[in-house]
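The chain below stands alone and is given as structure tokens, in the form predicted alone.
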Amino acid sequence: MKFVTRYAGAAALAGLVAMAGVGQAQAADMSISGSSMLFPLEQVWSQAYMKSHPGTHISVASTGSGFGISNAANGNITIGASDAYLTRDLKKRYPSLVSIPVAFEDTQVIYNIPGLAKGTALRIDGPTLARIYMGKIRFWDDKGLRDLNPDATFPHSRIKVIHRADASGTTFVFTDYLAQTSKAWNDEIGRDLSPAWPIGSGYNGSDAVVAAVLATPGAIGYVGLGWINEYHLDSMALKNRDGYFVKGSVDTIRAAGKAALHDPTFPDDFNQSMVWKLHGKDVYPDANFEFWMVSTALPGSTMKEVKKLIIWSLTKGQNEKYTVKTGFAPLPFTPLKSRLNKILNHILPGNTVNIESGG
């Protein structure tokens, strides 16, 4: 199996960064870079959009959420893609950035356990997962794992921890779950795009994580639903806030998103994590919004084109032939409409744009 066709590496962005800057690009030329998780959806979106908007050119690259956030802020790219929302620190560092939610995704735990019976459904909770990633649980037949999975027969084989090496929104969401559920992880390591990993081997991009887990007996790693579906990977059910063990899927991700949007305390600017906070039997506890980051410093002509693309993505682009097909849950339009219109009218003040219909 080759892991080279789904995601473009950082080298693919060389031509984009070499541009004289977004300000010099033609109005219908746009570049999107960042989250490797969002990359497959952005690919199908860009192809569909360019087909229906002749004269528009959209370049898409997978470089990691950290790159997308910083380069959208400094003007090297038109849109930065990120699995991480704008935290207080990021907003302070990049005051011109505005985040627009464009889809729902998740982070799931994958594994390669020699001798485990095929079809065995595994469960794990946050504290146990944190202990594995801190090196405190070293073997698959540890009592903590056996207690969570009484019907599974684990081998006495060493756990090989795999994680991302680049600044990654997938890591941000994964470590958010660990920090929310494990006091030890929160106190010692915390949530981050690029944390100081206590143990393990790091790889750039989710494709490399998948390849490493499949090639390494005893490995554990984490990726989004798109990889689970494309490579037919086994993943663990995670314990949610109400004590249910839930597997990641389009339906359980959507359940988490709807729970967040119907929570009156969830902020209009989406600058709050969905991870762990939500209640419900079917709510996956490590789901998240996927974001496009746009700088309010973009030239007006470029911003108008960006706005057209955003509106298309939030309406026609939410069709399941784009979202579900690439491993994403579409956004529930009705509870989002007023919030999204506020954001759109903020990124181009004085130019009123309203979303009229959902996808």
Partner chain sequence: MAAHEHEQGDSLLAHGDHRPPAVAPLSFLAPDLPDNDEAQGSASDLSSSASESDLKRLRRKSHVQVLRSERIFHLTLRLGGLFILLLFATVLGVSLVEAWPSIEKFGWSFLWTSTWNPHRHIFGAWTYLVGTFWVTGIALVFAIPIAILSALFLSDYAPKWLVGGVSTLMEMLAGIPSIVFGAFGIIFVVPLMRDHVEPYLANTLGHHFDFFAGDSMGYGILSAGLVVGIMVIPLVATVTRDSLVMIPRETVEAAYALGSTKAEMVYFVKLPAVVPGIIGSVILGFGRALGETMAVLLLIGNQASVPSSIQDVGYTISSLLANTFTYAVIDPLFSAAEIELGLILLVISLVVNTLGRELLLKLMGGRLAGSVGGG
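By rigid core we mean the largest C-alpha set that fits within 1.5 Å across both forms. Residue numbers count along the first chain shown, from 1. Treat the numbers as computed from the prediction; the structure is a model and nothing was measured.
One more form of this protein exists, namely the form predicted in complex with its partner chain; it is left out here, but the text below deals with it.
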Query raised in the report: Of these, 238-246, 140-148, 194-202, 265-273, which stretch puts a heavy atom within 4.5 angstroms of its partner chain in the model of the complex?
Result: 194-202
Query raised in the report: Is it the case that Ala121, His156 and Arg254 all touch its partner chain in the model of the complex, with a non-hydrogen atom of each within 4.5 angstroms?
Result: no
Report summary line: Partner-free chain; cross-checking its partner chain in the model of the complex, the single residue of Arg131, Lys258, Lys277, Lys160 with a heavy atom within 4.5 Å is Lys160
Requested in this report: State the residue from Leu116, Ala165, Val109, Ile228 whose non-hydrogen atoms include one within 4.5 Å of its partner chain in the model of the complex.
Outcome: Ala165
Query raised in the report: Do Asp282 and its partner chain come within 4.5 Å of each other in the model of the complex, heavy atoms counted?
Result: no
Query - Gly66: touches its partner chain in the model of the complex, heavy atom cutoff 4.5 angstroms - result: yes
Query - Contact flag, Arg93 vs its partner chain in the model of the complex, heavy atom cut 4.5 Å - result: yes
Report task. Spell out, yes or no, whether the shortest heavy atom distance between Ser70 and its partner chain in the model of the complex is within 4.5 Å. Result -> yes
Query raised in the report: Once you line up the core, how about Met134: does its CA shift reach 2 Å between this form and the one not shown?
Result: no
**Report entry** Flag for Leu97, CA shift 2 Å or larger between this form and the one not shown after aligning core
**Finding:** yes
